[in-house]
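This document starts with one chain, in the form predicted alone, laid out as structure tokens.
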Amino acid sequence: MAASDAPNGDVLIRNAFGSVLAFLILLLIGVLAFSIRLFSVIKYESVIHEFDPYFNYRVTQFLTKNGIYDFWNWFDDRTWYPLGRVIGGTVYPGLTLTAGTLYWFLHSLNIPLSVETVCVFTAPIFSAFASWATYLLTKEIKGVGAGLTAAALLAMVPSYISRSVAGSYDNEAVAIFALIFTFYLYIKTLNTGSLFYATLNSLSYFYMVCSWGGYTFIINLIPMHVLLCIVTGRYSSRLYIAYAPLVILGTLLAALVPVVGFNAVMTSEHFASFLVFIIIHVVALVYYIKGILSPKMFKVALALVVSIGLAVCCAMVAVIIALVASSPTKGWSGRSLSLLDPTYASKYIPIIASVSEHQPPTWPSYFMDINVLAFLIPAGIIACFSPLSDASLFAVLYIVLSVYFSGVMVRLMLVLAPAACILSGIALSQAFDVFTRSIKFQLPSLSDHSHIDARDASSEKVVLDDTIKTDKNEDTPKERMTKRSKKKEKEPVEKPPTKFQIKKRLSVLPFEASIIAVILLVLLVAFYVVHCVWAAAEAYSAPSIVLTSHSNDGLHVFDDFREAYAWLSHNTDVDDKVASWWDYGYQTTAMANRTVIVDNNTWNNTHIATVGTAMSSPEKAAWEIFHSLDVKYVLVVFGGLVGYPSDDINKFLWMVRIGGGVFPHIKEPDYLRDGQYRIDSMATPTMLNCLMYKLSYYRFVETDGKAFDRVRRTEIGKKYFKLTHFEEVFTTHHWMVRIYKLKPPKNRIRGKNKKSKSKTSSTTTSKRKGTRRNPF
């Protein structure tokens, strides 16, 4: 008895030690995920990055100051003037509510952090949570080793770092954690068949819906996996429990989010989940009937069920087709159609195509964002097929779809990152397992001993139990052994190898090849770590609002954006309206506290087209458009002096295209010379006389005497001109932001008197000079 308990005790000790070690490794992975995202704070300062996060920061400030009920009913009159915006009904509230809850929790513990500090560090905190969720998901697919490897890879992957550095306070900061955790709970429910985990899965999906519009990826990927399981004969009650509550409860909860509402049941993005919901119930009914009827009766019932099911499906499809046909976009949103047809946005919705993160990625961007994981993904897919389970099938489907969508839109590289880390973690774990096992079996110090691992012990225990059972059945009472004979049999006897041991020895690789392979894998992981640290420290740590450049005379800091917003805040009236391109609307509202005409929400294409038309028009026509919108100041971003490429001149053709989509008199060919976009002496007169050109290059020749544009690398075409309807009021230190004020309209009565006087004087002179006519 004691001898049989000894191996069990060793196994328990090893399992306990492995659990503690895995817990410590997970803690270190969380610390790594948090700390690697702090380069932006260490190198620069604790500041909000990019454009969209400033709106989220402003909304969080309002939430913490006024409470949840005022937040839901907040009408913001400082955006989209004169239309305004209902914030509670047009924003995904997950990020704001998360940061607000964290802020209230910290203050309840007497930790007086500011709202800005909480917003800055929300993304690094949730990156640690995402790493732990990746461990849980990969553990359900391929075990603890693969889970730890995948979690470590996700903690450092550059694609995720680009959206989760300290200061990147955007929806993806919490949405990626919600995405991975929802997938984990789905696989957990699929493996266990627990209704408890199914309910948690619906709640996690609800949090994902609150956080990001990318929730449609979940509600389409899971139905595709369920359908694939049904087609491949993998249907089970666990699959039904994992899917049916998600569709019912998840859809009801999603409809509670104001920005989603009835879109959860009315748009085409959700129809796949309902169609698969019908199919899985038909399949469940067929399996139920098969269990209670004889084979002959089952065939009759199957024909009846199939015929009725086809009729119901045809009716449902007819209703869906009618609903889809009644919509001009066939029930799909513009962004969804641009995913299915990459050319759709450039043809019909230029406002979507104008966003840089909506462009297709280049091949180098894959190496930049996921690095060596791109080469490990195929190995991970192969590992998922040995053996193939429902969970590993989900991982394969996840990587295939995410690779497609990342190839359509560079922003969705963020969705590819978790899948790449999971598959790469599985590949690395399996590879290390094979190579280290080969080394262990061939090391002289280990080959002399008869110690076996837990799996060998368990397999041998099963074989011994089977032999004991057969002995008990075959022996008669007379042939039972005495205690002495039993003790003799317990002495070590050379046993034939089990099937598991034979299989293991057949998979052993040469000793030298295993050593070299392990070294190469370690070097590969080291290269990945170095690249990730470099990307976090250099490529993705710089905030877009504060720019830096290195030259021979040292580091140069360009803080022109905050300089311009501070000038607007201190030198303009509170009710003044500021017009700019929509990229800078959120920052102007949050940092300057001034009313803007358009911002980054881009919900009204006509309003944006009006601003684009004004920028594309001559000075007088632009003044009339801005004056009709009650605009007092116009802000333009210009990078020609310091070489900043993301300025308004480079974005100008998108203004022309968006404006021309609504106002046909704006035509893109009028701004091109032989199909080329030029600002030099060969530029078209329409280009040289438009408002954007004049506001950008006004007095530019005074900087170096040549008016050389460092971004376009040429001298401008029109150097000397004056403004008649606008006056320059402020230009930042490096000329990156320029602010102009609309001149007031002339007094019409006074102008009328002058006109009448001129008419009388002209008539007298014409009388004196005979038939000579006034040309004016």
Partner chain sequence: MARSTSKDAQDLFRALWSAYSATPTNLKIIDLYVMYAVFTALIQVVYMAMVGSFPFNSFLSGVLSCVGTAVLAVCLRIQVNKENKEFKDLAPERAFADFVLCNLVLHLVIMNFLG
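Every value quoted in this text rests on a predicted model; they were computed, and no experiment measured them. Positions refer to the first chain, counted from 1.
The following text describes the form predicted together with the partner chain, which does not appear among the structures shown.
Of 593, 192, 548, 389, which one comes within 4.5 Å of the partner chain in the model of the complex, counting heavy atoms only?
Residue within 4.5 Å of the partner: 192.
Of these, 113, 621, 374, 265, which has a heavy atom no more than 4.5 Å from the partner chain in the model of the complex?
Only one option qualifies, and that one is 265.
Heavy atoms within 4.5 Å of the partner chain in the model of the complex: which stretch in 172-180, 236-244, 417-425, 633-641 meets that?
Selected stretch: 236-244.
Residue-level contact is defined here as any heavy atom of the residue lying within 4.5 Å of the partner chain in the model of the complex; does residue 403 satisfy this criterion?
Residue 403: no, not in contact with the partner chain in the model of the complex.
Hey, in the model of the complex, does residue 293 get a heavy atom within 4.5 angstroms of the partner chain?
Taking the distances in the model of the complex, the answer for residue 293 is yes, it comes within 4.5 Å of the partner chain.
For residue 203, is any heavy atom within 4.5 Å of the partner chain in the model of the complex, or not?
Judged by the heavy-atom cut-off of 4.5 Å, residue 203 is in contact with the partner chain in the model of the complex.
Contact between residue 289 and the partner chain in the model of the complex at 4.5 Å, heavy atoms?
Yes, residue 289 is a contact residue.
At 4.5 Å, heavy atom to heavy atom, what parts of 701-717 sit next to the partner chain in the model of the complex? List them in sequence order, or say none.
The stretch 701-717, when checked against the partner chain in the model of the complex, contributes no residue at the 4.5 Å heavy-atom cut-off.
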